[in-house]
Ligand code: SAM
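Below you will find one chain, with nothing else, as structure tokens; this is the form predicted on its own, and questions on how it binds or moves follow later.
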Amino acid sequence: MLVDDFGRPVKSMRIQVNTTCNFHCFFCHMEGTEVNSSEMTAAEIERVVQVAAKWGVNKIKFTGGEPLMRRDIVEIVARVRKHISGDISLTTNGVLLVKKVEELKKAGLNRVNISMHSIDRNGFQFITGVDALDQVKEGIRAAKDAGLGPIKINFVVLKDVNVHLVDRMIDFAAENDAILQLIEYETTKEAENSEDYQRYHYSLDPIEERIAAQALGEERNELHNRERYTIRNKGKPVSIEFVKPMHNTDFCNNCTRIRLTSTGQLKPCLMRSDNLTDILHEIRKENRESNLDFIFRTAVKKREPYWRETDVIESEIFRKI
């Protein structure tokens, strides 16, 4: 297993299989990339995973765009499963899940994260640009029936948009045996003063304090050391996980992930695009195994925590001025 210069082991890879999507969520970070038409082939993705697995990566998450828009997504999962014995998951908006859920399960997918940022029809359409709430709910039920669990429902909390729906989302997660993942709206250091960030960012601290006060138990997700509380909701236990990346040094210090973009770039951090390493070019040249190993090790060496103590201190001083 490779360890970066900050003592963080690299255990997982987040693979962006495309940048196209049938939703238009205004806050989408698109995995820190631009929209483009480039896509690696299933065989090329498998080759990268084969290299990564040799160096200790044993956990994969497929993302997009919307990964289910790739016609060969089942083939991609099956190819990757040959090299990964650990968890393979996929983040999706759920609209296309009903038709593919059984094939994905058979190919080796363990579980899904399903994005559902509102349980209110009008709010859902405001966020996504489409009227597809019912299809997303059907996708969640289909995933549950197929055994693609534990299902995580991703809910980006937005000020004055969906904060008031958190309790209803907890009810929905409990009814569907899902984990509700409350996600802080994030941006880069340079964009913190942007109009959108100022308008929509909402601190999760008050929600977490309320949930923690009624928790039956608390766990930690090894990735980012994220808090997960289990509460009782209408007689049923339900887990709520908090994803709080902004100004969070603990979050960065416990990052064990490297990313692969749809254009074949190894990306050490979601929030940076100035330290990418091209691996696809070498794969298409059919270079030796040692070359690919060197490229992967080079990408890991570029990993740095995005938020450090000095950044957080400077930000606090700025806010007080």
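Numbering starts at 1 and follows the sequence shown. Predicted model only: the values in this text are computed from it and were never measured.
A second form of this protein, the form predicted in complex with ligand SAM, is not displayed here; the remarks below concern that form.
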- prompt: At the 4.5 Å heavy atom threshold, is S262 in contact with ligand SAM in the model of the complex?
  reply: no
query: Could you tell me if C28 has a non-hydrogen atom within 4.5 Å of ligand SAM in the model of the complex?
result: yes
field: Partner contact for V156 in the model of the complex: ligand SAM, 4.5 angstroms, heavy atom
entry: yes
message: Please determine whether I183 contacts ligand SAM in the model of the complex, using a 4.5 Å cut-off between heavy atoms.
response: yes
task: Flag this candidate site as yes only if R14, C21 and P67 all have a heavy atom within 4.5 Å of ligand SAM in the model of the complex; otherwise mark no.
output: yes
query: Within 4.5 Å of ligand SAM in the model of the complex, heavy atoms considered, which of T91, N233, Q135, T230?
result: T91
message: Among the candidate stretches 277-285, 46-54, 250-258, 28-36, which one is within 4.5 Å of ligand SAM in the model of the complex when only heavy atoms are counted?
response: 28-36
